[in-house]
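This document opens with one chain alone, in structure tokens, the form predicted on its own.
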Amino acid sequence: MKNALVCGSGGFIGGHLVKKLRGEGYQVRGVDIKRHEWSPDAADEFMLLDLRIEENCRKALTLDGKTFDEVYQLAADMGGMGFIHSAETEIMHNSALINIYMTDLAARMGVPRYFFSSSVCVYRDMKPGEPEMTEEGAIPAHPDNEYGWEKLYSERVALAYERRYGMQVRIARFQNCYGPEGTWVGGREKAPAAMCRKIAEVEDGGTIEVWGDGSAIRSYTYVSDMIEGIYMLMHSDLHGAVNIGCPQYVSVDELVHTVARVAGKRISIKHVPGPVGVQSRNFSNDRIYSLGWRAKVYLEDGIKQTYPWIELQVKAVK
């Protein structure tokens, strides 16, 4: 039986990853600064640790005199666009500390396989319809936010330790991920969850506010597809960064209309000032496709699985 450590197991993607690994027969230790709100007992063992502290990273990686077969590093201080633009110093400070300590200790303690969760936020602003950018296009670098800069730096830390210590590093650049059991309120939620919440809260025929003019283009990846991509990448021979994302591009307004259609509501949109981020990111998935991975859940089907769950949460707090 393989042993895996999932850092960030109290988060959305980390929580789903724990379940995937358990299903594949792994013995899983989860570590986070908080327990998972909806699946607190998914891991075989959970350690409540602040990974910004070096000694806590050592505790997380220590396994009865043995070494974890695989370490998945998803712990980060992050959220949706509102959080990314309002918490620049927290993102740069907290996430960098976690990645510096975890990567260094994992390599020095002999972890053979190490996964790092990066983001397509490392790419520059693009115009809709521009040719898709490959992973190499992130350099020369020009991310539009500090979250992207921190991810790019931490990628390079991981690759440097791979060169020095021989630890097999796998890096995934995530596109916007959504699905049940994700943050849906409080300021850290991503756009799909935010739109599901707003539409669940409003009466039929009502109006919701949307930041910007609604024309920004995004790709949204359903969580089961993302988890499968992580698992396939971790067990592949692909070195360097790998994009994982659904190839379906939609505008923010199209996202809203999709959620409204699934909810069975007529919705009006009021565009208001707010952080929007880039106009578009068009990126190539050819590297992850080379492993046989394909997105199976496109936006409307994913919202059909996400909206009812968020609607239940909204009703529960009324």
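Note that the coordinates shown come from a computational prediction; the quantities given were computed from them, not determined experimentally. From 1 onward, residues are counted along the sequence shown.
Below, we turn to the form predicted together with ligand NAD, even though it does not appear here.
- For Thr103, is any heavy atom within 4.5 Å of ligand NAD in the model of the complex, or not? It does not: once ligand NAD is placed as it appears in the model of the complex, Thr103 has no heavy atom within 4.5 Å of it.
- Mark Leu291 yes when one of its heavy atoms lies within 4.5 Å of a heavy atom of ligand NAD in the model of the complex, and no otherwise. Heavy-atom contact with ligand NAD at 4.5 Å: absent for Leu291.
- Query: Any chance Asp77 has a heavy atom within 4.5 Å of ligand NAD in the model of the complex?
  - Reply: Contact with ligand NAD, yes.
- Would Ser154 show up as a contact with ligand NAD in the model of the complex if we use heavy atoms at 4.5 Å? No - in the model of the complex, heavy atoms of Ser154 and ligand NAD never come within 4.5 Å of each other.
- Message: I need to confirm a contact call. Of His271, Arg58, Arg52, Arg261, which residue comes within 4.5 Å of ligand NAD in the model of the complex, counting heavy atoms only?
- Response: Partner contact (heavy atom, 4.5 Å) among the options: Arg52.
- Message: Exactly one residue in Ile227, Val210, Ile98, Ile171 has a non-hydrogen atom within 4.5 Å of ligand NAD in the model of the complex; which is it?
- Response: Residue within 4.5 Å of the partner: Ile98.
- Item | Candidate stretches 58-66, 248-256, 32-40, 281-289, one within 4.5 Å of ligand NAD in the model of the complex by heavy atom | Heavy atoms within 4.5 Å of ligand NAD in the model of the complex occur in 32-40.
- Message: Whether Arg124, Gly137 and Val242 jointly form a contact site for ligand NAD in the model of the complex is the question; each needs a heavy atom within 4.5 Å.
- Response: No residue of the spot touches ligand NAD in the model of the complex.
- Considering only 1-36, what residues come within 4.5 Å of ligand NAD in the model of the complex, judged by heavy atoms? Contacting residues: Gly8, Gly10, Gly11, Phe12, Ile13, Gly14, Asp32, Ile33, Lys34.
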